[in-house]
Ligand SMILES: Cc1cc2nc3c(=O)[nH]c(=O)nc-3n(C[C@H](O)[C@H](O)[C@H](O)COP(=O)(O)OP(=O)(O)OC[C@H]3O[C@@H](n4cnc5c(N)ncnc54)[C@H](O)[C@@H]3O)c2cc1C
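As structure tokens, one chain now follows by itself in the form predicted alone.
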Amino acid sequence: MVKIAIVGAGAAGLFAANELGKTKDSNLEIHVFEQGAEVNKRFCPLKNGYACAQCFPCKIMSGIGGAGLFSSGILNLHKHIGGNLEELCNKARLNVEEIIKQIDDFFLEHGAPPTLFDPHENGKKLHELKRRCAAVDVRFIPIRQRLIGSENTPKVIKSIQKFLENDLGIQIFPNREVISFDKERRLTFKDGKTEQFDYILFAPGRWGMIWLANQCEINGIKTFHEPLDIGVRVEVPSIILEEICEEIQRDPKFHIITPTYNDFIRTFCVNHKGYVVKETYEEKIVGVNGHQLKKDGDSENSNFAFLIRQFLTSPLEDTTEYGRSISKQTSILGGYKPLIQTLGDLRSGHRSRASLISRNLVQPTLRDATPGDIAMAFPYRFIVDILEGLKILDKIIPGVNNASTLIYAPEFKRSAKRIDTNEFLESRAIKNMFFAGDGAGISRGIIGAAVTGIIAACGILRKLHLE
């Protein structure tokens, strides 16, 4: 019997388990260990099912389905979104288009909505949008997308879990936290028990990225710092994004180079007619995210992340710690709540106050935020980037640069350290130990994580001669 452990039950772990399990090889014993709870027990008892500010943080960020369980569930079906998926697949001698289609089909089989948003179906409007972008040196990336929706994602994940357990015989263990591993591929659990495996695939997600980096250091596995993505979440009246989100692309991707510092800033996770939500991390660090509860939405606002990509060089190369320090400072200023400010106040250097927010044209969908001054928390360079980026974006989407636009901070995508692996995502230092997903610094997002999970699983099957 060949014993295989998968640590983490997010997109990377679940798709790796499926890839291994569908061989139907009775000689494989596949265990999936997840620190957090199963889907039904991740819901908030204080709020009609969905996670909220009072939830214990790990219920939001970890559990079966990973952090994506409470996201809008946007599937970006593109080989250059979520990491350089084409390069990863090519190195593993896999066809990236076939792998992405395989992932999309699997989600459809388990209840993802059949509607596909394809910007190429409205060629005339897409051409005009690209023309407007080109006129102001902005890059727009047309992407086929499928919106699962925050209310549908738990149902889809439950269906996937049921299939893996009942049809493929995979054993999934929620609330089974791994606290360490060693070079002999032994896992030590929180209850003190240990178990040795022939193969281990680590896919702990962003919630487990600091733990994974520390464990790699202990075990002599090289890691590399990745760039930091940090910024704000922008909230505007939904009518401003209506034409683009409803007629061209559900989650439009705009890439901008700011003029003063030549920094890269991008839109990410657009939630048309959606909600801004609070996320809580370790050490009382708070952040914001966006949810899209329904395909057609039921909010009068739309929101999107506006993220700056920042590289660091010696002597300060630790982008993870740098991002956490900015986010912690922002959290302290907000009384351990996100900061909220009107764009007009941010431009003029004034702190926003509750009385102003209450009569602002755009009313916040996140009420559990502290009116304040984001410029007191963020580096000057980042404030300049945000202001310049929104000014440029306004030439493509008139209205996003209005004084009434709401800005929430911090929005940050914690940068995991990239694990040193070969083309099949196997550690170069310890044989039969594989890594996948966002927590290993290899991917970003649901599709990217799923692709890397499949690549790692193919690496295991290759070593077992079961491809």
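Bear in mind the structure is a predicted one, so any value in this text is a computation, not a measurement. One-based numbering along the sequence shown.
Here the subject shifts to the form predicted together with the named molecule, a form of this protein not shown in this document.
S.K.: Tell me, please, which stretch of 398-406, 435-443, 421-429, 23-31 lies within 4.5 angstroms of the named molecule in the predicted bound form when heavy atoms are compared?
M.R.: That would be stretch 435-443.
S.K.: Which of these residues, F106, Y261, W211, Y336, gets a heavy atom within 4.5 Å of the named molecule in the predicted bound form?
M.R.: By the 4.5 Å heavy-atom cutoff, the listed residue in contact is W211.
S.K.: Only one of N152, T320, T370, S71 comes within 4.5 Å of the named molecule in the predicted bound form by heavy atoms, so just point that one out.
M.R.: Looking at N152, T320, T370, S71 one by one, just S71 meets the 4.5 Å heavy-atom criterion.
S.K.: Is G65 part of the interface with the named molecule in the predicted bound form - any heavy atom within 4.5 Å?
M.R.: It does: once the named molecule is placed as it appears in the predicted bound form, G65 has a heavy atom within 4.5 Å of it.
S.K.: Would A416 show up as a contact with the named molecule in the predicted bound form if we use heavy atoms at 4.5 Å?
M.R.: No, A416 sits far enough from the named molecule in the predicted bound form that none of its heavy atoms falls within 4.5 Å.
S.K.: Wondering, does A5 line up within 4.5 Å of the named molecule in the predicted bound form on heavy atoms?
M.R.: It does not: once the named molecule is placed as it appears in the predicted bound form, A5 has no heavy atom within 4.5 Å of it.
S.K.: Since only the chain is shown here, I'm wondering whether A203 would be in contact with the named molecule in the predicted bound form (any heavy atom pair within 4.5 Å).
M.R.: Although the named molecule is absent here, A203 would touch it in the predicted bound form, with heavy atoms inside 4.5 Å.
S.K.: Sequence order please: the residues of 163-185 with a heavy atom within 4.5 Å of the named molecule in the predicted bound form.
M.R.: Heavy-atom contacts within 4.5 Å come from R176, E177, V178.
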